[in-house]
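So here's one chain in two forms, each on its own in structure tokens, numbered structure 1 and structure 2.
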Structure 1
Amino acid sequence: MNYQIAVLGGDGIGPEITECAVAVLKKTAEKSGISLQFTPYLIGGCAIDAVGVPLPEETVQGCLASDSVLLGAVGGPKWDGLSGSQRPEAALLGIRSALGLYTNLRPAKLFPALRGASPLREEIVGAGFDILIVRELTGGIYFGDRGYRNGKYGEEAFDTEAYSITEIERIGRAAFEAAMKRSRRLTSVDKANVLETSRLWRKIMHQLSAEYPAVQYNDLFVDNAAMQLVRNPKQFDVIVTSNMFGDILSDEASQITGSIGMLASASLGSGTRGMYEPIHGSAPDIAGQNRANPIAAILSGAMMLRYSFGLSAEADCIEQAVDRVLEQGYRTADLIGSTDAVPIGCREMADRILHAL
């Protein structure tokens, strides 16, 4: 087997964590006799600096010609003054959309070794939790009409949210299918007491629920869901929600696993090509200092093996290696919550994981 992988390191800590993920994927490939080819492309602020646009056409074409995409992070203070469509973040939304990646899987699982790093009390965490957030990724308010206009109080800015039945149905189906492969519980999160898009969302989810009688289904309003996540995270298995609510709730879910530096993600469309990226940002304040946590990027690589290439055993191996290194007490700076932890840098963490493989 031979796979082409486009590598989009991006900005800030993006390149250093992506390098770690590539090293882990290379070692895994060596061990299991598959061949992976990595080709770097520009995205975000580094692309603006090099060629003047955040998402060069060459990057889009390179990703379309690849079997999968590994992404680091984009953005930083250097490009904060740019207008909306010129910003590094526009490239991230643009590439998700160009590749048709409407399903974003964000697993928030507490590694047993990190129980002490979770801000939640031990009795709430209990034996741990394992939540899968399914975020709609190419619709909603992040992609709606926006701009400036004259309003009641003079000039105003506006953003709009739209969701079609087709968009809701396909993300809903992805979530029900994911729930079928797990403990068959699905919570749909919306704001149907206020938003029209949420009322349509809920109606479609209920229709799908009738097709999946084996899945225990419930609805929650997003404000309640945000509260329930810290009150009792163990009640959740799969959560499906819109682009913006998923963006917000996944950051919250990540922190209760110990650190946002732990959460990987897979963005999928209708085919096998996916884009795999940590959910954290470019952390420009610690870039280039060997302080970043590479685990989210490394686990994103594992998700690529699992979801795009069907290599579940290899993905398991990487996850177990991460688990072992954490059990040994090694921690990057973001995870130092407990007293007996051994603090190490980004590169050392990757080396430990490579060794544990």
Structure 2
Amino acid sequence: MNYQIAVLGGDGIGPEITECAVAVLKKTAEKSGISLQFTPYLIGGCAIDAVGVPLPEETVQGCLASDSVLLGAVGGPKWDGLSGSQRPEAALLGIRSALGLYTNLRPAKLFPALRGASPLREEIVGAGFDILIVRELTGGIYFGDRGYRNGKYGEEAFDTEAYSITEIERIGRAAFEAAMKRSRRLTSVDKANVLETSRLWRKIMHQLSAEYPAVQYNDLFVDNAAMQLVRNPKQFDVIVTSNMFGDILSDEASQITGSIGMLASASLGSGTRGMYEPIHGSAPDIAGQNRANPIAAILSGAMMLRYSFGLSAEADCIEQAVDRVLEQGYRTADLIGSTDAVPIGCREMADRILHAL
């Protein structure tokens, strides 16, 4: 098996953490007898500096020609003065659109070794939890009509939420399929007591539930879901929700795991190609200082093996290696919260994970 991977290091700590992820993927490939070929491309601020645009056409074509994409992070204060369409972050919407990615998978896993880092009490988190949030990525209020108009109290701004049956069906099916591969439990989050789009969302999810009788399904209003995540996160396995609700709930879930530096993500479409990236930002304040946490990028690489290439055993090996290193007490700066932690830098964390493989 031979897979082509486009590597978009981006800005800030992006190149450092993707370098670590590539090293782990290469060693995993060597041990498993598969072939992974990595090709770097420009994206974000570094692309603006080099060629004047945040998403060069060469990058788009390179990603389209690849079997999957590994992304670091984009943005930084250097480019904050640019207009919206020219900012580094605009490249993210552009590449997702070009690749047809509409499903975002965000695991929120609390590793047992990091129980003390969670802001939740130990009796709540227990031995840890493992939640997968499935977020619709290309519809909803972020992509609806918007603007200014004369309203009841004068000038007002508006944003429009809209979802089609097709958009709901495809994200719902992705969530049910994900649940089938895990513990077969799915919670759909909406606001069907208020929003018409949520009532359609719930109707379609119930129809899909009939096609997946093996999945234990339930609905939650978004405000209750936000409360339940901090009250009893272990009750959840897979959560599916809209673009805006997923944006908010996945960030909440990231915080109860102890550090945003631990969380990977996958953006998928109708095919096997996906884009895999840590959910944290470019952290320009620590770029080049060997202080970043590479684990989220490394776990994003594991998600690539699992979801794009069907290499679950190899993905398991990476995740288990990360778990072993954490159990040994090694911590990057964002994870140090106890006196017995062994502080290490970005490159040494990657080296420890490579050794654990």
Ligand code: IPM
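Because the structure is predicted, anything quoted here is derived from the model rather than measured. Start at 1 and count along the sequence of structure 1; that gives the residue numbers used here. Each form is matched to the other, and the largest set of C-alpha atoms that superpose within 1.5 Å is called the rigid core.
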{"property": "Selected structure - the one that is the form predicted together with ligand IPM", "result": "1"}
{"property": "Flag for Gly81, CA shift 2 Å or larger between structures 1 and 2 after aligning core", "result": "no"}
{"property": "Threshold 2 Å Cα movement between structures 1 and 2 at Tyr163, rigid core reference", "result": "yes"}
{"property": "Post core alignment: Pro107 C-alpha displaced by 2 Å or more between structures 1 and 2", "result": "no"}
{"property": "Distance the CA of Gly154 travels between structures 1 and 2 [rigid core superposed, Å]", "result": "8.2"}
{"property": "Rigid-core-superposed Cα shift at Ala210 between structures 1 and 2, Å", "result": "4.1"}
